[in-house]
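Below you'll find only one chain, the form predicted on its own, shown as structure tokens.
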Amino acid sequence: MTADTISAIIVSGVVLGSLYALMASGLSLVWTTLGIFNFAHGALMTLGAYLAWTMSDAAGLGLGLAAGIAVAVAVLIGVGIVMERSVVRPFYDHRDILLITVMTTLATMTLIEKGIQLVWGARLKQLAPIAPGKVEIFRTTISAQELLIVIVAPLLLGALWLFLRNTRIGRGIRAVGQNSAAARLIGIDVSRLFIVTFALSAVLAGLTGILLGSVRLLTPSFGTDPLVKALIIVIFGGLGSLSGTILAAYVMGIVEAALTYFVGIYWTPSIIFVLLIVVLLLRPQGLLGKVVR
């Protein structure tokens, strides 16, 4: 294996890892804070991409991608709030909340996907790249859009980390994630922070969809495959560990790039699932998860 091959695998893996980290971080945030999986996360990615496409020149409005991003963020904040209040909040005190919210968020995913198909149709669409052209990194050629993803994803994740660490709301979200009952006892408005968490997760999903939509074709089920990858990464990194999720995303990206090169794209998903099972057998809590006693 030559140095150019190794370089190509690493660069491709970092591009994939950046996307995976961004798409899984919102999912991990909801799990850490609320203790549920939001199976509509992929549909929110799709909705964000379609909203940005609608504002772009491709749809005829010609307002530009910046306007599309702003509209997508505003709409997804609203969608996140509505989802939390309508399909999650009624079941907070139910003993089977995890199972029930799996069903309600899956139903929401179907509703959003069918709504997208009804509004935008089933024809393939694609966002114009924010950064056109190609660049060369370590003698490996990638699109400028992929380089932008590698740059933007860590910046967004860094902003999320700073928000959770240095703001009052962020520290409240972390406290609720550690022990919601204790947080409520010391006067933290847990219900309000649940809303903020869902809205923030929806925005992260939408931004991921916009970045991904410029390198892949848009369909109403555009977010299904990313959702599966995000679920794998959250479990692999360790439930409740945002840093573990980010680490797992980059590990998964490099492993996937290497497997695609050596065994082909057809067998790669199956091998990744086998590797995940092996890792969880050896370390059930994931890479950075904590052992529950």
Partner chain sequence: MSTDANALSVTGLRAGYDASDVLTGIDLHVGAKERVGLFGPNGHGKTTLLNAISHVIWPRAGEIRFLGETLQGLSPQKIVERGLIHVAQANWLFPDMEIGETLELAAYTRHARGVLKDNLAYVMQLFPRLAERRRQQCKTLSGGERQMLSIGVGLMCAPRMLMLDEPTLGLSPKLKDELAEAIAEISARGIPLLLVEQDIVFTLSLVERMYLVDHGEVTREIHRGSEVDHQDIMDMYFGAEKTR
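Positions refer to the first chain, counted from 1. Because the structure is a prediction, the values reported are computed rather than measured.
Omitted here: the form predicted in complex with its partner chain. The next part is about that form.
Heavy atoms within 4.5 Å of its partner chain in the predicted bound form are found in one stretch of 133-141, 199-207, 182-190, 68-76, which is 182-190. Contact here is defined as any heavy atom lying within 4.5 Å of its partner chain in the predicted bound form, and by that definition each of 171, 174 and 178 is a contact residue.
Contact annotation for residue 165: at least one heavy atom lies within 4.5 Å of its partner chain in the predicted bound form.
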